[in-house]
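What follows is one chain in C-alpha cells, specifically the form predicted alone.
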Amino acid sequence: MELNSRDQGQGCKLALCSLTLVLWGVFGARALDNGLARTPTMGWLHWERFTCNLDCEEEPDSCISEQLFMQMAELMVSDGWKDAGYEYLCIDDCWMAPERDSQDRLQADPERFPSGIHHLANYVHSKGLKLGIYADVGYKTCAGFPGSFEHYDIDAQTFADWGVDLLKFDGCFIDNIQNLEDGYKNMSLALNKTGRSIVYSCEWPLYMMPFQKPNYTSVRQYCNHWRNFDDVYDSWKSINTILDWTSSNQEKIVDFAGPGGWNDPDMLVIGNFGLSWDQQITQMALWAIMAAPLFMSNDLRQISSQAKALLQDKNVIAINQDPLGKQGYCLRKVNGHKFEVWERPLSDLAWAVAVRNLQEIGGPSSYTMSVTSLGRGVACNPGCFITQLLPLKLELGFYGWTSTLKTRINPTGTVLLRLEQKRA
C-alpha cells in the first residue's frame, strides 16, 4: 500500500446534523506542548491559487519564487492583513531543488529562490510576519520533490536554522501506515528538539483515514492543526463537500479542537474565481464557527475591495479567534433539509450562530427559529442581545428567551449572528 495522492477520496454520506454535544467531554487529549496556536493560526498559503507553477520565464508574476512571497509579504503589511491577524506567510510544495545538497540537506531551487530561504525568512521577519514552509513525511513530496523520510532531524534543524516559523507536513509517498504515523511523530519531536518555535501543521488524519481510524488523542498531542479531508478547490462543490463531511463526522473531531490544536478544513478561497458572493460569505462564516485555521490562498495583488473587507472583518475574525477555543458544530437541519443551523460557544457566555441556506434554486428564503433552541438553551436565558455580523452588520436588538428570530437568506448563503447576555 502506498499513499501518493493529495486527493484521497473520503466521501462520507451526509447524515442529519442534529447532535447533543457534551462540549469538551473527552478533553483528556493533551495539546502539543510547544506553546503555539493558542488560537487558530492565520496567514496566507500559496497552494490553491498558485499550485506548482514553475515557469518563471513565461509567468514571472505567478510562479513559485521568492519574488512572489516578497510581494505578498509587502502587501500583507501595507494592505492591513497583518493588522487583521494574518501573520504567517506560507510556502507550499514546489519550492525545493530536485536534489538535496552535498550535506544531505534540503535546498531551495537556485533559480527561483536565488537568495535562499534564510534570506526570505529574514525579509519576512523584517515585516513583522512569520514564514511557513512545506515538506512531506514520505520519500517525495506530492509534486515529486525530495521528501523527509529518514531525514526528519536534519530537515527540522535546517528549517530552524533558516528561521522558519511553521511547517506544513504533507503525507504523500509513504509506503505503510506505521511509517506514516511514526513519521508525523518523529518530525514533531525533531521540531521541538531544535528549540525554535515552529507551528506544526499535519495532514496525518487525511492520509490515515482511508485505511484506519485516526487516533485524535495522539494527533493532538503531536500537531498544532491537522487536515481531515481533501484539498479545497475554488468551487462551491468543494466548500459544500467539506462542510458536509465536517457535519457528518463532528462527533469524532469537534471535542479534540482547542487551544494548541485545531481541525483544519483547508484554505480560504475567498477573492478568487469560483464562489459567488454569498458562497464566500458562507465560507468565512463557517470557518469562523469551526474555529478553523484561516489560511487565505488568493492573489493579494488583485483582490477586490469587497473580498478584502470580508476577509478582514474584525467581528468575524473575533469569533474565529475567541480565546475560549471551542469548535462549533452543526446543531440541526430543518425545513426538509433546506437550512442548517450551526452554533459555537464563545467566551463571556456569548454564542455565535450561523444559519445556512442549502438551496441552490430560487430566491431568498425565510427561516424562523426560537431563540430558546440556541446555545444549548442558555444563550438567551433570560434574554440576549443579537447582532447580525454577515452578510451585513445589523444590531437586531434584545430578544427574550421565548422570542423568535426570523432571517432571510440567499441560496447558498449564510447569516452569521452573535448572541450576548449583555452589550459589549
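What you see is a predicted model; the values in this text were computed from it and never measured. Numbering starts at 1 and runs along the sequence shown.
Just so it is clear, the following notes concern the form predicted in complex with alpha-D-galactopyranose, a form of the same protein that is not shown.
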Original post:
Does W204 make contact with alpha-D-galactopyranose in the predicted complex, using a 4.5 Å heavy atom cut-off?
Top reply: no
Original post:
Using 4.5 Å between non-hydrogen atoms, is E87 touching alpha-D-galactopyranose in the predicted complex?
Top reply: no
Original post:
Is there any non-hydrogen atom of K168 lying within 4.5 Å of alpha-D-galactopyranose in the predicted complex?
Top reply: yes
Subject >> Distance check, W47 to alpha-D-galactopyranose in the predicted complex, heavy atom within 4.5 Å >> reply: yes
**OP:** From the candidate stretches 251 to 259, 290 to 298, 116 to 124, 139 to 147, select the single one in contact with alpha-D-galactopyranose in the predicted complex, where contact means a heavy atom within 4.5 Å.
**Re:** 139 to 147
Original post:
Taking alpha-D-galactopyranose in the predicted complex as the reference, which of E340, D278, D231, D313 has a non-hydrogen atom within 4.5 Å?
Top reply: D231
Subject >> Heavy atom within 4.5 Å of alpha-D-galactopyranose in the predicted complex - the one residue of K333, R227, K326, K130 that qualifies >> reply: R227
Original post:
Which residues from 56 to 93 come close to alpha-D-galactopyranose in the predicted complex, meaning a heavy atom within 4.5 Å?
Top reply: D92, D93
